[in-house]
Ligand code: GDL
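Single chain ahead, written as structure tokens, the form predicted alone.
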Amino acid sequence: MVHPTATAIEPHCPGGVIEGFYGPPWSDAERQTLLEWMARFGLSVYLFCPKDDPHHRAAWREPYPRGEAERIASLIADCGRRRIDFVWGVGPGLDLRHADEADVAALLARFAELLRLGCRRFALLLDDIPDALDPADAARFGTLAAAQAHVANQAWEWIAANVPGGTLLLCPTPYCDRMAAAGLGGSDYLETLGGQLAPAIDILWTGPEIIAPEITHKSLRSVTRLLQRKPVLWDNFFADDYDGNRFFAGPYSGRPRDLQSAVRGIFLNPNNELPLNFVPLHTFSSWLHGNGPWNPRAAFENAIGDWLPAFRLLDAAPHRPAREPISLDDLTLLTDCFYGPYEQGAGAEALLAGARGVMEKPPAAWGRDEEQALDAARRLKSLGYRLADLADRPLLHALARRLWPLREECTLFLHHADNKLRAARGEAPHPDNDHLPGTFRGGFLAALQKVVPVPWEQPRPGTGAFTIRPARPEDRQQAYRVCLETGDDGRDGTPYYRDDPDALPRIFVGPYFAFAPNLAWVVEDDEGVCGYCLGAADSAAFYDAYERQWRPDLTARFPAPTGAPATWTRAQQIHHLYHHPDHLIPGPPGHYPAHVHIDLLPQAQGRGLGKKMMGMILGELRRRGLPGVHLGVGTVNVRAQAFYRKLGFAELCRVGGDDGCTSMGLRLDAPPDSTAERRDR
């Protein structure tokens, strides 16, 4: 079959917005606001596919009623006036019969209907559906991917013949790395789809996860190879339809700018509540159109300043004092509490840290951190009441369901703090009349959450205390497992190293057990080793031993990969390092001779174990009189970098660009009462 030439949506990387969430679709007024923001921020594509619009999925065969068709035509025209490409998406996969000519004809009839309404760009969305084939489809096509490619190719041929300049996007059934690794859609789904799909059809992809903490150029190499084209990124970073208690108004983050060269386009699927998407779209635009290294916090602060005018309060009644305006500090603190899916903003982090101190320490031991947390809670409690006077009522209504619980949690925190102070003075505690059983943190879901733990927050059944101890030779294999299960920049690397699970630990664990066993610690629970901290006091001597005694065996057993590097598996990339090591001792000669690294499985994280182990190894290096220590961390792994900065490490250099490694160093011969150490007390 000869496929028509693709209508490219390059040369630049287009950015856009997807209305593709579960929940009530946006209103006409909200869509007008969206288009105004998109025009302002230079976002050029609007993918219209609200999941709970019946004409998108449940009733995909039925044409729009006349009034609804007129609304869609008006929306398409409004996009055109703002030079925004409107893409209409349909999701027929719940009951589509790929071998049924009537079903294919119904799909093309919907495209023809939208063409009459002015649409020139289309999307076929086959996500969130069962991956089983109808018997007739299975008999004709054999696999789900082949059946879907057949329908998509017919749709593309119709578009190419009837829509000058038309385009087609397809969302596959497995649309992230985890789904593909789990075999969703059947074996070789992506290879089959990439090989059979017309080259002109673009493919949507969400990255390593449905909601990916990080997406890098490197993380897309495998899917690009399998699909035989660059993907179009469907980015769910700000999506909140899966959690009604949160929204995300922090900055676009976890995506280095060079990602743009790895994709055909990037579209945000944002918060359900349109008014809460100003900062996400603002910072996404800055990322898309700016140059140089990406600084999410700086972009966030700039966006918050631009958002502040939306928080004007209603005028006070005649002859009454003017209302205190919402300040930039107020808005920043509020938004820090609703920052991103995987991190809190700086103000929220400080409040949490101080709140722990208030709850754990006697009042006499409270310091600056605790007092600042109490002040922040008072501000948020007050803000919860003041925002009821917002002049922008749709903005208030979008915030309201989240403001109330935030205010109540701050009230409860302040109540506990007040009673701790009363107890210290020998006074009777005040009763809590605001938080009654059943009306606060109540209901079936809250009760169920107390019964059923999630693995990454609570110990697994039978898991008790954790023990930190010096490593023993017999710990090596379990430490290899820890390295693998943290081998994807802190996440589980198992799906990426199936062809050689020990590829990473052979260079990041094994040599330390061999050449520096007296600087190796492990943490274990009752199921075994779940973390380690490894190091070398003299990096030059360590790497010399590695070169002479360790690497020759690796290069003999594992040949260097051949062919284009973009086609290598993750394991082959590590095999390349066996033959071309990249040892680096950063900083001025002699300043940072030692190096360390640490990895913890999820059940050992968030318990202070990493800080304790680092304290032990840094203390040992100080005892030996070492002047400094360095370590390497992925440049995109901002969470780990923040952890090391709290220990006093500072950035020394970067290699490999935004997708490479950042070296950080700590001077061990610095005065012990440094700023970083004072901050951590």
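Note that residue numbering begins at 1 and tracks the sequence as displayed. The structure presented is a predicted model; accordingly, all values stated were derived computationally and were not measured.
One more form of this protein exists, namely the form predicted in complex with the ligand; it is left out here, but the text below deals with it.
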Indicate whether Asp127 is a 4.5 Å heavy atom neighbour of the ligand in the predicted bound form. yes
Give a yes or no for Asp241: in the predicted bound form, does one of its heavy atoms lie within 4.5 Å of a heavy atom belonging to the ligand? yes
How about Thr283: is it within 4.5 Å of the ligand in the predicted bound form, going by heavy atoms? no
Does Lys51 make contact with the ligand in the predicted bound form, using a 4.5 Å heavy atom cut-off? yes
Please name which of the stretches 194 to 202, 520 to 528, 171 to 179, 307 to 315 has residues with heavy atoms lying within 4.5 Å of the ligand in the predicted bound form. 171 to 179
Identify, from the list Phe300, Trp234, Trp156, Phe247, the residue with a heavy atom within 4.5 Å of the ligand in the predicted bound form. Trp234
Which pick from Ser222, Gln478, Asn269, Thr411 sits with a heavy atom within 4.5 Å of the ligand in the predicted bound form? Asn269
